[in-house]
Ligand SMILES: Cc1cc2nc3c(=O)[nH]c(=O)nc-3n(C[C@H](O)[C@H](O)[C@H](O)COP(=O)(O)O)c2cc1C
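Here we start with a single chain on its own, the form predicted alone, put down as structure tokens.
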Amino acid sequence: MFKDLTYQLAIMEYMLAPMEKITDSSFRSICHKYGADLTFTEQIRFETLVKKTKSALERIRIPDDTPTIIQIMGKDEEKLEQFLKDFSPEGGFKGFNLNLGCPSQSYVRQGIGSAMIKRPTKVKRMVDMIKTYDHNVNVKLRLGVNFTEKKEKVYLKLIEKVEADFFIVHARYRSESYEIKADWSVFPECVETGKAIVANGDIITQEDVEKMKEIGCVGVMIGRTAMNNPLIFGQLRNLKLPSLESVKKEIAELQKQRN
């Protein structure tokens, strides 16, 4: 569990980002095998999990010891508690991640995903609730729903108020295109809060990782690059690795076994 792991600024954790229809258990296992320290499931609403449908439970299944964080999202605190009361950890479960970064406009209209960034008091209650069930919990967030929220530093206010294990900061606001480079200038002020910060957004090279170390981030999260290159984590760590083609076959074979 992460509560047993002491984060030091000199140590860099490599994390696989949660990605819809990508980060199933097979993809997570292989990314961990070749260099990722920590992986995350696809997002799932805890309001859905309480229904205990097969498809919902499959999304959070952890069939092996791959270090895995279950990413959940939602706003109904009663449903969250209902889910937590019945939840039993399995495999390499390492805690929960609260999703405050989903850019989906439909979710924002419902007041979840990125819309939750400006609700630090509610997020704090949810984080504290998860802790009462003796689970680790971290938060993934963007810089706000739009440029105005970014300018008002809603992300910083949330980090300051909430006591999570660490905060994964995707350095874009909700409506910002991936074609626009992530704004790394926000990371130093996030680190200055004294909270453990994981950098997310356009981190591709060893130089990028070194930059995050210099800033004081405790980890980096990589998503889109890993989609096509699950070896990226090992490459950034200078590990001896097999061919990308053979690894993609390994993922496909593992998916067949688990389906």
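Note that the structure is a prediction, hence the values are computed from the model and not measured. Position 1 is the first residue in the sequence shown; the rest follow in order.
Below, we refer to the form predicted in complex with the named molecule, which is not included among the displayed structures.
- When the named molecule is considered in the predicted complex, only one residue from 208, 37, 64, 42 comes within 4.5 Å through any heavy atom, namely 42.
- Think of it this way: in the predicted complex, the named molecule has a heavy atom of just one of 221, 30, 232, 60 within 4.5 Å, and the residue is 221.
- For the chain shown alone, residue 251 is not a contact residue for the named molecule in the predicted complex, no non-hydrogen atom being within 4.5 angstroms.
- Among heavy atoms of residue 19, some come within 4.5 Å of the named molecule in the predicted complex.
- Using a 4.5 angstroms threshold between heavy atoms, residue 99 counts as touching the named molecule in the predicted complex.
- Residue 136 falls outside the set of residues with a heavy atom inside 4.5 Å of the named molecule in the predicted complex.
- Although the partner is absent from the chain shown here, none of 76, 110 and 174 has a heavy atom within 4.5 Å of the named molecule in the predicted complex.
- For the stretch 193-217, the set of residues having any non-hydrogen atom within 4.5 angstroms of the named molecule in the predicted complex comprises 200, 201, 202, in sequence order.
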